[in-house]
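In structure tokens, one chain follows: the form predicted alone.
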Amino acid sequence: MLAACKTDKFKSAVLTVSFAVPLEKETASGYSLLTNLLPLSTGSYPTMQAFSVILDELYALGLDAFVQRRGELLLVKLEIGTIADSYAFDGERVLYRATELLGDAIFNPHFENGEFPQAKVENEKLCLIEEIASLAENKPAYAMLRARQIMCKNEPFAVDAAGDIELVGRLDGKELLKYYREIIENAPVFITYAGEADFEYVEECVNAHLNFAPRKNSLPDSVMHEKSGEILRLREYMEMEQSVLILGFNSIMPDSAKKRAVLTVFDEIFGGSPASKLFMNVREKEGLCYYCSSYPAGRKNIIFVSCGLEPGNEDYAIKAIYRELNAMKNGEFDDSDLANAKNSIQRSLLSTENSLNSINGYILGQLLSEDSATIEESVKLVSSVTRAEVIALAREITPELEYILSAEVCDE
């Protein structure tokens, strides 16, 4: 599936190929390692030197690959950036050549004896293992991962997109072929472009160099997280100075454009901005934490609240956060709060057009959600959200997890 946004605002362009596969513990490591290998070389340019030369010839554009989670989808992404053709010398069709290089990386990777070179595989395994291990250094990110693993145990949502250290260690060049063939032959593929080129020119480039066979697989449905009916409290320990508190809530599944708009407005008022109730009251007024923000999980009926605070303040912060949620359920927010939230979201949507990567991300998000709304249409949809809809959503939200990552043992 191809979608493109024509814009004359930039001197550059971005073309992205995204393969959508289920997020699974058994396979995430393989796909993650695959993205470490694919942008290093191609069959036509097998050495780092040859690959660097072709990049320089194409105005030192960047070719990158990475994995990205979208709810319970794992996106295997390859992305190439280039200058716009109108800024190239002698009318060179840079986008056409860039697409050719991207296609070479996808369809013609550098193989030795029919598989990925084992020396490169071993080197990238070490890099990926180091990357996964380093997550523990980012305490808020690690705490969020643990909260997902605990609250969504046995659900795909609990899986770390980067992979698992033990599973990465088992991979070899032959095993990676299975993951490569899966994305090339079966995974749904989404191609997005943002830049000055007309759709017809983008389509010409894609048809010439990114001509995938018809896909048989469809996107997997999001797994509804069932309400547990109780609140699980868990504390874990790590060498650190501050504590991190993660609260997990069950919400509604944002499975339509309107539900996503209502959820976005609710979140903006509750904890998604510096003007939110959590920021202004829990952080500023009561001084209970260093930060306090809410995070709805995309394509999933879950909301997390993340809070950084001093050890010993956890219970006070939990009560304060619940108090703010109950206030939302009771409609204890002003019409000005609703209007300001809408204005903030609308400004954010419109600012999407100021970044090629943001445009590309918006287009891909709409494709994955099967939502054809333009940015302007999304702005209108946000404007249509009512106070009653926000209150009704808030009343569907129930707490399920109180997770604390702290430095010292405290009596519960």
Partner chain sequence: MNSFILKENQTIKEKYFHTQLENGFRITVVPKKLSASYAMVCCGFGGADLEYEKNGERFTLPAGTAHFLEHKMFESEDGSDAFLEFDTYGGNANAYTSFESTCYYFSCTENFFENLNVLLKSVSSAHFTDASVEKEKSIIAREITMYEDIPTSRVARNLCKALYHSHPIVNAVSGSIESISEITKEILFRAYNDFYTPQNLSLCVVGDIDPEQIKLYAEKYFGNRAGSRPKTIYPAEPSTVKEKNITINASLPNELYCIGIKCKPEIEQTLESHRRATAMRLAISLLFGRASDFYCRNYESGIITERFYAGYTSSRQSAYIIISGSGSEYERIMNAAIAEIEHRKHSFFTEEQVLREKKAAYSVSLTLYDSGEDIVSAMAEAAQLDYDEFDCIEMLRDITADEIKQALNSIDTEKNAISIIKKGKDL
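No experiment lies behind these values; they were computed from the predicted model shown. We call the rigid core the largest set of C-alpha positions that still match within 1.5 Å between the two forms. Numbering follows the first chain given and starts at 1.
The next section is about a form of this same protein that is not shown, the form predicted in complex with the partner chain.
> Looking at 275-283, 204-212, 224-232, 178-186, which lies within 4.5 angstroms of the partner chain in the model of the complex, counting heavy atoms?
Partner-contacting stretch among the options: 275-283.
> Check, residue by residue, if E92, S134 and G287 all come within 4.5 Å of the partner chain in the model of the complex, counting heavy atoms only.
Result yes, every residue of the spot touches the partner chain.
> Is there a heavy atom of L61 no more than 4.5 Å from a heavy atom of the partner chain in the model of the complex?
Looking in the model of the complex, residue contacts with the partner chain include L61, since a heavy atom lies within 4.5 Å.
> Is L356 close to the partner chain in the model of the complex, meaning a heavy atom pair under 4.5 Å apart or at it?
Yes, contact at 4.5 Å.
> In the model of the complex, does L40 have a heavy atom within 4.5 Å of the partner chain?
Contact with the partner chain, yes.
> Give a yes or no for P117: in the model of the complex, does one of its heavy atoms lie within 4.5 Å of a heavy atom belonging to the partner chain?
No.
> Tell me, which of F199, F107, F111, Y237 has a heavy atom within 4.5 angstroms of the partner chain in the model of the complex?
Here the answer is residue option Y237.
> Considering non-hydrogen atoms and a 4.5 Å limit, which listed residue (T374, N343, T386, Q68) is close to the partner chain in the model of the complex?
If I apply the 4.5 Å criterion carefully, the residue I get is N343.
> In sequence order, which positions of 115-149 have a non-hydrogen atom within 4.5 Å of the partner chain in the model of the complex?
Stretch hits, in order: N123, E124, C127, E130, A133, S134, A136, E137, K139.
> Would you say E376 moves its Cα by 2 Å or more between the shown form and the other one, aligning on the core?
Yes; that C-alpha moves by at least 2 Å between the shown form and the other one.
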